[in-house]
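This document starts with one chain, in the form predicted alone, laid out as structure tokens.
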Amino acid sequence: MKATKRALPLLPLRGIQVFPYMVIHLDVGRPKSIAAMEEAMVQDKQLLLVTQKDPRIDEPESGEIYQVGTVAEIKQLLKIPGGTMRVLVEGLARGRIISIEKTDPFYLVDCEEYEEGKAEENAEIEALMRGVISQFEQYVKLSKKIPAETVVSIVTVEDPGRLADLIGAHLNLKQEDKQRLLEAVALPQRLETLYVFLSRELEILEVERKISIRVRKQMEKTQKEYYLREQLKAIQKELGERGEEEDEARAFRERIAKAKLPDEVRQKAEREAERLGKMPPMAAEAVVVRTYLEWLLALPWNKVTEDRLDLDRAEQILNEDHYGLKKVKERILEYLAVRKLANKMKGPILCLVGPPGVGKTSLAKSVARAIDRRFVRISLGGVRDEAEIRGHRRTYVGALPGRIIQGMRQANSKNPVFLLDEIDKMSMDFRGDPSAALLEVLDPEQNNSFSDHYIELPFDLSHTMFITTANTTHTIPRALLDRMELISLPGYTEEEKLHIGRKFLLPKQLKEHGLKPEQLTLSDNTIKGIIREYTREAGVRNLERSIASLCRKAAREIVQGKKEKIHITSRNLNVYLGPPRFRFGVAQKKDEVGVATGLAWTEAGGDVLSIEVSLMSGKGNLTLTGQLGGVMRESAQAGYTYIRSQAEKLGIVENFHEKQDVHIHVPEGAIPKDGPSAGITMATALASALSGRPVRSDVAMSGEITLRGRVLPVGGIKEKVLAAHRAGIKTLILPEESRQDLDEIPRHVRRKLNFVFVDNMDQVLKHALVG
């Protein structure tokens, strides 16, 4: 083996090895590679071909290419549109990189070229050659990927080095293995490496052959069983006998004939039953068809229940189950009245929106009982897959219809009351958006032909009364919200909670705890005390838990024989429930400067809020504290600007903003607060502090302020008025445009309060400030 040093352009190859004596086409597109080709054409048409370790790298460094490659000669060069060159090269000899001379505009390397002389004839090389040829012939027989002519031409080569390179080039080896063969410069080592690779490939091919034979035998067995079954069917037909699957198909046909199915459904069911009759009973497809037919026959295509259209009876049931909730009850009774006059009435789609614990879910059950319909409930909380609503295609293993069709089967009626609980808790992921699938379900114009992916037939949902529940509407997509009739349940007033606790919750808990009504008695003041000091909620869940706690403690005392009857009053309530958990809102006891009473809406109802303003010597800085949100901070700044603009009119020193710092604080700093409704309250407290006039302690207010002093309407009037009433406020200042909201407030509360409706800030200050 003779080695000569020479400088050659380098062409890095991606995912391919070129061996000596190998002729191959290469497509060259990288700028450095094209430059290397052009340099080789100018010189002696020779260059070094070396494979790079990672084919994904566009510009490999010296450490990212193998050190041994092939010196090749360019035989033909062709330029292809798009800046690519197609080149025909022939491998001449192995070459090893000694050093890289330059890297731009192409790689120029110093390399050692190994010229193979005439091989020495010895027994070891002869034995290796024979072994390699024998292994290669077996490899070709098993793989059948190399043409016979190629095999003949390779086997007749007498030169051992050339033989090894030609066989290595034709083998389907990994890049690392081919590189090892290329790096084997010494002839015995090369032949031995090739022999090892051929042995390993033969073992893999032998395993593949065994697997192929096993699979073919299994297929032949299945085919044989199929032919035998077909023959058996033919024999049974000649003898007039029926097979097991034919009996099953006949049973399904009889059921289809008896069931009163729509024409389209009946035709589809008959076709599927016919398919079932032609299938082997244990075939996988037969199980799918059988399940599908069971679903078709189980659905209530034409079954309806008769509505109870007695309005007085329905109203009585609704009032028995729930106290208050006037709007919902009115809407149900209106539906029944129209249903009585017009037989073909589409089912309404109601969305009950309100805080937790106000009775949204139980109200839907009550509606079903009132109109004598069957009731179905599905929870949509956490549903993320569109197939949960529309079902899966029958091609999937374990496919089932969606929850809507499952609910209709469970109801076994075409016109149930269908409750979709927690519709605002749905989410979406890569499997689709379930809220988009609900658009068809909750549209009275479309749901008369609802299509489920599993059933693949239109199902009429237009007679179903859909009721959905949600805690909030901002998470429900706009298109879905538009299809529903929103009914807001704002929460219960204190009087309503007292009535619910007395009439519904206490008897229920006494019964559940095994107590008789005379064994435990609670006064109205006791229940009021629980509502005010032990619960803070819009619903009545915590009220029920507190009553249950009292029942448990009473039961224990009775069982231990301490007392026979227990009477709990507001005085001994803390003995049973512990110290009060919540501070009940109370109005200011005396008129104070810089302190105004505002009204706030909370999820637990309404609350009163004292806003304090303090003045200090300074440079006119405005400080806001009390964990206020962005909108509330802007309201404070708007109020501050208005007071500055009206300083002369209010008798305030005009340059106060240059000499005094103003600090506005809203107590209960741990609770986040936001919204524009405290605007006029903050402006009133500022005016009081700067003018030195006290604010009336029995006045509370709510409204948004503008820079010009206009008072804009705000929400939550019902809850705010009830909070003011509880706190002992006598006069309420509200925006003029909120006057119509008073209709929702109980009459006995309105009689005890003096309402002042205002359009601008001057009117607010006139009624709020003393003097």
Ligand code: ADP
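In this text, residue numbers run from 1 along the sequence as written. Computed from a predicted model, the values in this text were never measured in an experiment.
Quick note: we don't show the form predicted in complex with adenosine-5'-diphosphate, though the next part is all about it.
If the criterion is a non-hydrogen atom within 4.5 angstroms, does every one of Arg373, Gln410 and Phe466 touch adenosine-5'-diphosphate in the predicted complex? No, none of Arg373, Gln410 and Phe466 comes within 4.5 Å of adenosine-5'-diphosphate in the predicted complex.
I'd like to know if Lys553 sits close to adenosine-5'-diphosphate in the predicted complex, meaning any non-hydrogen atom pair within 4.5 angstroms. Looking in the predicted complex, residue contacts with adenosine-5'-diphosphate do not include Lys553, since no heavy atom lies within 4.5 Å.
If we define contact as a non-hydrogen atom of the residue within 4.5 angstroms of the partner, is Asp443 a contact of adenosine-5'-diphosphate in the predicted complex? Asp443: no contact with adenosine-5'-diphosphate in the predicted complex.
I'd like to check something about Thr361: if you look in the predicted complex, is any of its heavy atoms closer than or equal to 4.5 Å to a heavy atom of adenosine-5'-diphosphate? Although adenosine-5'-diphosphate is absent here, Thr361 would touch it in the predicted complex, with heavy atoms inside 4.5 Å.
How about Glu201: is it within 4.5 Å of adenosine-5'-diphosphate in the predicted complex, going by heavy atoms? Flag for Glu201 set to no.
Where, among 315-323, 432-440, 185-193, 92-100, do residues come within 4.5 Å of adenosine-5'-diphosphate in the predicted complex by heavy atom distance? The contacting stretch here is 315-323.
Please tell me which of Leu505, Leu690, Leu628, Ala269 lies within 4.5 Å of adenosine-5'-diphosphate in the predicted complex, judged by heavy atoms. Comparing distances to adenosine-5'-diphosphate in the predicted complex, the residue within 4.5 Å is Leu505.
Contact residue in the predicted complex, chosen from Pro105, Pro477, Gly620, Pro355 - any heavy atom within 4.5 Å of adenosine-5'-diphosphate: After the contact test, the surviving option is Pro355.
Counting only non-hydrogen atoms and a 4.5 Å cut-off, give the residues of 538-557 close to adenosine-5'-diphosphate in the predicted complex. Stretch hits, in order: Val540, Arg541, Glu544.
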